[in-house]
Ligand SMILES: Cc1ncc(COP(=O)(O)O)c(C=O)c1O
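The form predicted on its own is given below as one chain in structure tokens.
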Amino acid sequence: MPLPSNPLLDRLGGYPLAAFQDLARALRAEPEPVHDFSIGDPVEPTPEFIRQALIQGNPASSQYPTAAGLPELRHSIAGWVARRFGVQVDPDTQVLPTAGSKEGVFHLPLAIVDPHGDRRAVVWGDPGYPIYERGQLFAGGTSDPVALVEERDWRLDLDELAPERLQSACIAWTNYPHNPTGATVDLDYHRRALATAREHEFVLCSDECYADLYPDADEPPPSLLQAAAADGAAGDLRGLLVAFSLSKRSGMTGYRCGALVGDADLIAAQRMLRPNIGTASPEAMQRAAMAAWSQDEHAAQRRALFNAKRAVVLQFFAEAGIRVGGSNATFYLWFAAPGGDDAAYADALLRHRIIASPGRAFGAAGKGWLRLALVPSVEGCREAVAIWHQAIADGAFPGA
């Protein structure tokens, strides 16, 4: 007799990007070099002051952390929000630390979706971060992906969706700067999205984990929080939640440190939910996060490094005639597959030990595109594009 199994796992399938992690590990075990642009896990060391905060913050007596997080951590997050966006938030009622943004995004619908209600749809942009769809699945929601296209700059325009679609929604996810395309939006976009959410009474969630990764010459990407502060009374965060992360900003992917900021009632619901799951970060990690949220210089230094990598790859794309879409911010580059088949092109790259993510891994609308995560060092990027350039000259790629 087969063992019991949750049927949702069959619907879920494997995590799309996990296979790339396994592949990269296998290739790295071989003697030849591998150039891994697949998973967004940068190789640069975590800044020393953050590592020291982790070490010094490790208590002599280990005790359970609370889901609400240390008060000092919530204050440091609120301080960063004030510096970065000019928005004042209450660290006690409008801020909640999470064990990375992925965990926070996945569990968020459990406190919002009524699995027996009339409004169970979760709206998200396709291509997009797979967790938006997967989180709603376990919460008993229904997925409502909106195809994003190059002609509309990969924007999810909520105000242009059919009214009946908006009336079925309980959550809509926006994500700018956008993964995987690197597209950006202006403050007016957030204002329109917030107005639509309030008119149709669904929760607007904005994933802004790449807010501090943008070209040095550009204006910093705006936040949904700024739209709320500018829309009537300052700090009117009704009906919205924003997810932030230290993973890319501070080189802390393995630390699992993020935050939710927004509506006090929604934050209170998350604080009620989360002790049942056991998702609080260890206190030492929280101390490291406090240090990272409280200092901005290291984030600027990392941004400059990513932009140096960006320049190397973009120059190669221009020379090779490879068309780029989006790619305005984040540390991702989104390019059209020569020949149109993203999977075939990813396979061809793999034969030269270059790993890229086919766009279809992020949803059906991603077919025909590929994502490069600027993970290798600057010199590693130069080596990879030299190999790529020679392979194109040798006719080794489809559609080249």
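One rule holds for the numbers: they count along the sequence shown, beginning at 1. Just so it is clear, the structure is predicted and the values come from calculations on it, not from any experiment.
The same protein also has a form predicted together with the ligand, omitted here; what follows describes it.
A heavy atom within 4.5 Å of the ligand in the predicted bound form is found for one listed residue only; from S245, Q270, S223, Q94, this is S245.
A heavy atom within 4.5 Å of the ligand in the predicted bound form is found for one listed residue only; from Y129, W80, F202, Y214, this is Y129. Residue heavy atoms within 4.5 Å of the ligand in the predicted bound form occur in exactly one stretch of 182-190, 112-120, 206-214, 308-316, and that stretch is 206-214.
Annotated contacts: S101, N175 and R256 all touch the ligand in the predicted bound form [non-hydrogen atom within 4.5 angstroms]. Although the partner is absent from this view, F37 stays clear of the ligand in the predicted bound form, with no non-hydrogen atom inside 4.5 angstroms. Put simply, Y332 is close to the ligand in the predicted bound form: some heavy atom of it is within 4.5 Å.
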